[in-house]
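What follows is a single chain, given as structure tokens, in the form predicted on its own.
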Amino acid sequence: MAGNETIVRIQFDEVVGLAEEIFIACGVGREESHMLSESLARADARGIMSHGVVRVPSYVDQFENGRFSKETRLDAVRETLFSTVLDANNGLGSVASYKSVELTKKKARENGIAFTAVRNSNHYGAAGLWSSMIAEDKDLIGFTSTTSILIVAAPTGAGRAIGSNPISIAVPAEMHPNLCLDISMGNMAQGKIWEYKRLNKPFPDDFWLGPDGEVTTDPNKFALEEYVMIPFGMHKGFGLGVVLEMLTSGLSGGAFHRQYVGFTKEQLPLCHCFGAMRIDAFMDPADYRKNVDEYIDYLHGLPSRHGAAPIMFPGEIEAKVEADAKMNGVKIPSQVLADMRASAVKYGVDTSAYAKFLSAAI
């Protein structure tokens, strides 16, 4: 039977602040700690808890183990007016992403379209954060994808074949929140396993394989890293994941998944890509956003099956959760707070400024 957990409401800046102090104590620079912490908190604020501050202890462990560099240095390997290839030198994926997004936006505004490919990076969090950042200014359409560790099986395979290789596309609207598609190639994000373990809740059928190649619904049967994703839509998710690797590893000159076999868990260089299109290169941006609004209205007007939820557009759930978080605070599970507190204590972080909400930690 699934367990219950206490959810604590915390202001966004406080979530960022605590995580930031922990990472600084681990030896990461303040600017880079802030970027990493903000990316995690933004995921929580949008309801994507699998990519939020639940990952703080994991980052702490990886800093301790030398899994990636605490300093993120980006070197331009190849560049044109509208394209860039960057080497992140085994730095933080979120830091590489923030800077890549700004570069991509700048070049798109100057040239109408831009594409940035990044190699030798690490986990960059929720893909929708980066495409949304591109579309926030309402004059650009944003795109991103990334490789990940080998975790997705082939449609009829028994073991790991490709990464979850998520893709996100964000499209600006005017009156409605922006459209934002954010999907990975597996039926469930790996980070969700923490949630299912915490709640002692069984997986849905046909979402995960165990290391034995057999389907399992038990989140506690194996260690987190032993589970293998079943691709969504089987050949559809698998095929899309293969093609996306050509836009990330392929265009950046980074490591392909076929090369990951020789790497240990501590050495998995990941690749990302970011794209931006200036809307006025195609049509008047105001007219475009009006069309997006009208299309959303059309989707909202579609009939749903008896007893089913109303039709929603991609990104609508996240937009509603984010609006609620701005008003009432970000939802953080008490166990996640307890884990963050343990990391803070371990590194001697002064948590007195966060005592009010940390007192709710179990």
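All values derive from a computational prediction rather than experimental measurement. Whichever C-alpha set is largest while still superposing within 1.5 Å between the two forms counts as the rigid core. One rule holds for the numbers: they count along the sequence shown, beginning at 1.
From this point on, the text means the form predicted in complex with another copy of the chain, which you will not see here.
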Inset, instruction - Sort through 228-236, 97-105, 196-204, 130-138 and report the only stretch with a non-hydrogen atom within 4.5 Å of another copy of the chain in the model of the complex. - result: 228-236
Legend entry - Proximity to another copy of the chain in the model of the complex, single hit among Q190, S148, N120, T84 (heavy atom within 4.5 Å): T84
Legend entry - Partner proximity in the model of the complex: N328 to another copy of the chain, non-hydrogen atom cutoff 4.5 Å: no
Inset, instruction - Answer for R73 alone: is it within 4.5 Å of another copy of the chain in the model of the complex, judged on heavy atom distances? - result: no
Legend entry - Partner proximity in the model of the complex: F256 to another copy of the chain, non-hydrogen atom cutoff 4.5 Å: yes
Legend entry - Contact label in the model of the complex: G301 to another copy of the chain, heavy atom within 4.5 Å: no
Inset, instruction - Using the arrangement in the model of the complex, list in sequence order the residues of 291-312 with any heavy atom within 4.5 angstroms of another copy of the chain. - result: N291, V292, E294, Y295, Y298, L299, L302, P303, S304, R305, H306, A308, A309, P310, I311, M312
Legend entry - V228 C-alpha relocation of at least 2 Å between this form and the one not shown, rigid core basis: yes
Inset, instruction - Could you tell me whether the Cα atom of V215 shifts by at least 2 Å between this form and the one not shown after core superposition? - result: yes
Inset, instruction - Look at N187 and decide if its Cα position differs by 2 Å or more between this form and the one not shown after superposing on the rigid core. - result: yes
